[in-house]
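Just the one chain here, laid out as structure tokens, in the form predicted alone.
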Amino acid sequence: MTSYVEDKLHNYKEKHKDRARLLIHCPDQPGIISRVSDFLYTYGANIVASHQYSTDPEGGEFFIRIEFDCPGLETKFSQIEADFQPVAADFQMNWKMAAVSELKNVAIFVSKQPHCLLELLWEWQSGDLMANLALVISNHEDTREMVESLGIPFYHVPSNKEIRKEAEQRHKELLEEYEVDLIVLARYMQILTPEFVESYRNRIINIHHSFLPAFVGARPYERAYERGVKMIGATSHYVTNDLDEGPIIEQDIGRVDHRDHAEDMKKIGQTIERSVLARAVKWHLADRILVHQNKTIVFS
């Protein structure tokens, strides 16, 4: 890690040492916001941002994301979490509280194509991706030099359908060693087993080189070219055991025409893939996403 990146991360943590985030999902009912606000007030906390959404005020599901400042948060955080449990129980809440200064540990999985990996590395180097890039895992050696040049550990773990379970066992060992919170599949071209996916539920983000649900699976640009599409896109989503059907986090598109062959579409698509994946990762790191069934609520 360069001193520039270290300074950026240190300054961010210092600036937000008294800030926390609270994410809540529960049945919609009167009094939720009032009760939560009163609770935070008892700790001298000041709410600095609040975004909410209800699927239906009459019997629907309620979602809210709150950011609050609380002097001396480091010494109070565990007690605040413990004391919030009765409030959560009263409203049947699924909830999470996170200290902003506690940066998440991220593992990036990549195969041969480096464009999404490079985008994440650039965002991290420039101080716009607030996380600890703990390690990069690849089933090829192609990206080792670009990763290790930044002081990030790189692990080559060969993987294919014949040795998939052995590879995933090694993956799990590394993820546990580095205490990884989030896995990013930056064009990692291997299928994950159901057991692995379940171990990291809603903590694996993938980029699919298509505007899902169109052209699910392999070779989407070739199939898009054959279909004569006028727009191509990319989709970032959480990984589930249904291939390319996990909760969608972010999508974007670019225009093409009859002059663009499959290779042209790939080049255009790679630009879209990079930005879509980076945005999805940033939103997850900032605790802006709540998953409900097979959808996401993404707070701005």
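The numbering used is simple: start at 1 and walk along the sequence shown. All values reported here derive from a predicted model rather than from experimental measurement.
Just so it is clear, the following notes concern the form predicted in complex with a further copy of the same chain, a form of the same protein that is not shown.
Trainee: Could you spot which one of 79, 160, 126, 199 gets a heavy atom to within 4.5 Å of a further copy of the same chain in the predicted bound form?
Mentor: That would be 126.
Trainee: So in the predicted bound form, is a further copy of the same chain close enough to residue 45 to count as touching (4.5 Å, heavy atoms)?
Mentor: Yes, contact at 4.5 Å.
Trainee: Applying a 4.5 Å heavy atom distance criterion, does residue 230 contact a further copy of the same chain in the predicted bound form?
Mentor: Flag for residue 230 set to yes.
Trainee: Residue 214 near a further copy of the same chain in the predicted bound form, any heavy atom under 4.5 Å?
Mentor: Yes - in the predicted bound form, heavy atoms of residue 214 and a further copy of the same chain come within 4.5 Å of each other.
Trainee: Is residue 225 a contact residue for a further copy of the same chain in the predicted bound form, using a 4.5 Å heavy atom cut-off?
Mentor: The answer is yes: residue 225 has a heavy atom within 4.5 Å of a further copy of the same chain.
Trainee: Scan 262 to 296 and write down, in order along the chain, each residue with a heavy atom lying within 4.5 Å of a further copy of the same chain in the predicted bound form.
Mentor: The stretch 262 to 296, when checked against a further copy of the same chain in the predicted bound form, contributes 267, 274, 279, 294, 295, 296 at the 4.5 Å heavy-atom cut-off.
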